[in-house]
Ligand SMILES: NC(=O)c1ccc[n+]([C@@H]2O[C@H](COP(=O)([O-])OP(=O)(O)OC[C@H]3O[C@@H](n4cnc5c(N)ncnc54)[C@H](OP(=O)(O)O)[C@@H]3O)[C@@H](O)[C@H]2O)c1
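In structure tokens, one chain follows: the form predicted on its own.
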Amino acid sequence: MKQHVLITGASKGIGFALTKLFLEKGFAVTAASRRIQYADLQYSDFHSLALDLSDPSSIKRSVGEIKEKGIQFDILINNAGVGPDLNAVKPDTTTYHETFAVNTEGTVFFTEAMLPFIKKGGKIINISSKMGSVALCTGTDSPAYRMSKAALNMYTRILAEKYRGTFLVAALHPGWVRTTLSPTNIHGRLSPEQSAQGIYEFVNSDFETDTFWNVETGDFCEW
């Protein structure tokens, strides 16, 4: 039986590259995003799911749809994320709330709702950032983004400890990737496909729970 992976933020960038790669590797994939049109993906085991992590009612509807279909997942990849204050030097009320609504609050409560639909021995992967590493922090820009990813890292560690022996849980820094997350990302060192390949290899490795992994360097990242 094929393994089934759920990927959030799947309509573009790293998420879309991951969706294509997992499908090509023979996985069943449910792609969750605000936009659910995937004309380029013609696979029998591909499913789309409308999900806006900033909207609690959207989370409730998407989880209800999963429950109704009776889907059980082997892997959950929380890839969806925003960075409206990337490169900004001061916190801003609007971008602060936009960032935490998706990167932290939405991801946390979607994951909590999804736990009953993840098989025992399944994997939960949070796409974080080394910008959320407290140990490595030297920059003073992008305050909301940095804090939201630091909070996501803490949630990763809480999940790993709480479900030790039930799920494998890890946070990943995907590298500096050429995506639309920020105008400066056009200069990123990795393409979405290169980052997705590194993520795919990690997810399918024998990693230990409670790991923070740097996809770009292929090494552990400090929390």
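Each residue number is its position in the shown sequence, starting from 1. The model shown is predicted, which means the values in this text are computed figures rather than measured ones.
Omitted from view is the form predicted together with the named molecule, to which the following refers.
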The named molecule isn't shown here, but in the model of the complex which of 177, 63, 160, 28 has a heavy atom within 4.5 Å of it? 177
Using heavy atoms only and a 4.5 Å cut-off, decide whether all three of 123, 156 and 221 touch the named molecule in the model of the complex. no
Given a 4.5 Å cut-off on heavy atoms, tell me which of 80 to 88, 115 to 123, 136 to 144, 67 to 75 is the interface stretch with the named molecule in the model of the complex. 80 to 88
Answer with yes or no whether residue 169 is in contact with the named molecule in the model of the complex, where contact means some heavy atom within 4.5 Å. no
With the cut-off set at 4.5 Å between non-hydrogen atoms, does residue 151 touch the named molecule in the model of the complex? no
Can you tell me if residue 54 lies within 4.5 angstroms of the named molecule in the model of the complex, counting non-hydrogen atoms only? yes
Taking the named molecule as it sits in the model of the complex, is residue 164 in contact with it (heavy atom to heavy atom, 4.5 Å or less)? no
Partner contacts in the model of the complex for 84 to 117 (non-hydrogen atom within 4.5 angstroms of the named molecule): 102
